[in-house]
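Take a look at this single chain in structure tokens; it is the form predicted on its own.
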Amino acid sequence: MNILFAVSEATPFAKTGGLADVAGALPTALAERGHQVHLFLPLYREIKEQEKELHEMATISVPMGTEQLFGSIVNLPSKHPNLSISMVRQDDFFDRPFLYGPADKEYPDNGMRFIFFCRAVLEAVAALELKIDIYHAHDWQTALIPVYLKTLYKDLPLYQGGSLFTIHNLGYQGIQSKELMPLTGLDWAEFTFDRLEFFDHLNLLKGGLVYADALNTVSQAYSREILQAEFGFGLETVLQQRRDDLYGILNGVDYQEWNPADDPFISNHFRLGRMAGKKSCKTKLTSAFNLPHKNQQPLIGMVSRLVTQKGFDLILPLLKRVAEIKAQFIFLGTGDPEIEDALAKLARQHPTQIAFIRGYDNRLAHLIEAGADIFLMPSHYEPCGLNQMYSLRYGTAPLVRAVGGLDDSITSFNPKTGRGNGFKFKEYTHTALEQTPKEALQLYHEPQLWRKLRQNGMRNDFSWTQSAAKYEELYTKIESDRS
């Protein structure tokens, strides 16, 4: 099967979130299953600075309203013979210091940038003479690809493949002014409530929901949640109409990158049966964050975008009472300036119990997974989440809210049966969050039970092999339904 995989970011080339991890691992997993995968993403400045072997393959001309914008397709060497890596070069759009804009705001022309990208990917299919069976688009940045396949390109023999649209986070929809509608090349007949119109705006993600042959989210629980108003962000009615075409496939973990037995970002490796290295990682972690080492207290870590979605309206009030909690907290991330400032202030007020580093550092992210005892993820909603699965492999107990992929991957530990791999609460309340750490802290001081909890988590397998097989099944179903 020939699969075109269109995304706005992918590791190791460019990353702002979990989408990049998926796009970095799933194409390779599919290639290893024998499929020919063509990965497309924009050629950002940071990629140009990192990659020296860029080979121009074709020039393309993309209609944008009444104008033609030019770009080119460049290829990177691939480590797998079944995987090609192509990038759309258009320096006016993508040669910038950030992927989407600075942390606190987006580039005002993001709509135009990714309208161009969607058309450019489809023009590249002709320029490179590709034969595609499945077009796999992700999130709002590539949502117009399924739209174009059913409209502007529907009668062209080269574009008769099926389409899958994956929703990684419904909260980000690419809502644009309707003034951009002419730039899409689509007829104004598409700007209706049952297609692309959304409260008199152009909703790019909605286009993918309406036009793709099939839809999926990155966990089974999230595929059910987004049918409700609480999680649907105004699109629950559209999703309810497409319920029969909506699937949930839990993301996988790249254990070549996230494995404490040979993680290049930590110097003290460990695995089941040989856990001494984890104690050393905890010591190095507290040192890296300038916290006093307190082995008698659990160390609770969090690596996250600092936004309300991740539960900070519950976390900050909890931290204000940290003197009552016999635990230390470490935070790494960037996002909402108000949350950043609040964490920085709390760290100054409680320097022996709270530490915060603003920004993202991959080495520190790996060290937190390795050195923390508990990983905190009390999200308001979480389509999948990957850190809880990383944590399990590193013997770090996830403490999560029972939503989305967190609910699918974490089961509460039962001291009586010895089953379970973490701690979980349901209600999004301060009381629920306060009670769950108390349970975790109590278990921490029972070494045999804590050891059993860690062992359960480290034995879990969330590899991409399983997830890739489910995507393969869905691709096959799309092809079968179209024939």
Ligand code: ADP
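As the structure is a computational prediction, the values presented were derived from the model and not from experiment. Throughout, we count residues from 1 along the sequence that is shown.
Omitted from view is the form predicted in complex with this ligand, to which the following refers.
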**OP:** Tell me, out of 239, 339, 377, 253, which residue has a non-hydrogen atom within 4.5 angstroms of this ligand in the model of the complex.
**Re:** 377
Original post:
Of 312, 390, 329, 135, which one comes within 4.5 Å of this ligand in the model of the complex, counting heavy atoms only?
Top reply: 390
**OP:** Spot the stretch among 339-347, 303-311, 318-326, 408-416 with residues whose non-hydrogen atoms come within 4.5 Å of this ligand in the model of the complex.
**Re:** 303-311
Original post:
Would residue 258 count as touching this ligand in the model of the complex under a 4.5 Å heavy atom rule?
Top reply: yes
**OP:** Consider residue 17 of the chain shown here, and say whether it contacts this ligand in the model of the complex, taking contact as heavy atoms within 4.5 Å.
**Re:** yes
Original post:
Though only this chain appears here, would residue 287 touch this ligand in the model of the complex if you measure heavy atom gaps against 4.5 Å?
Top reply: no
Original post:
Taking heavy atoms and a 4.5 Å cut-off, does residue 362 contact this ligand in the model of the complex?
Top reply: yes
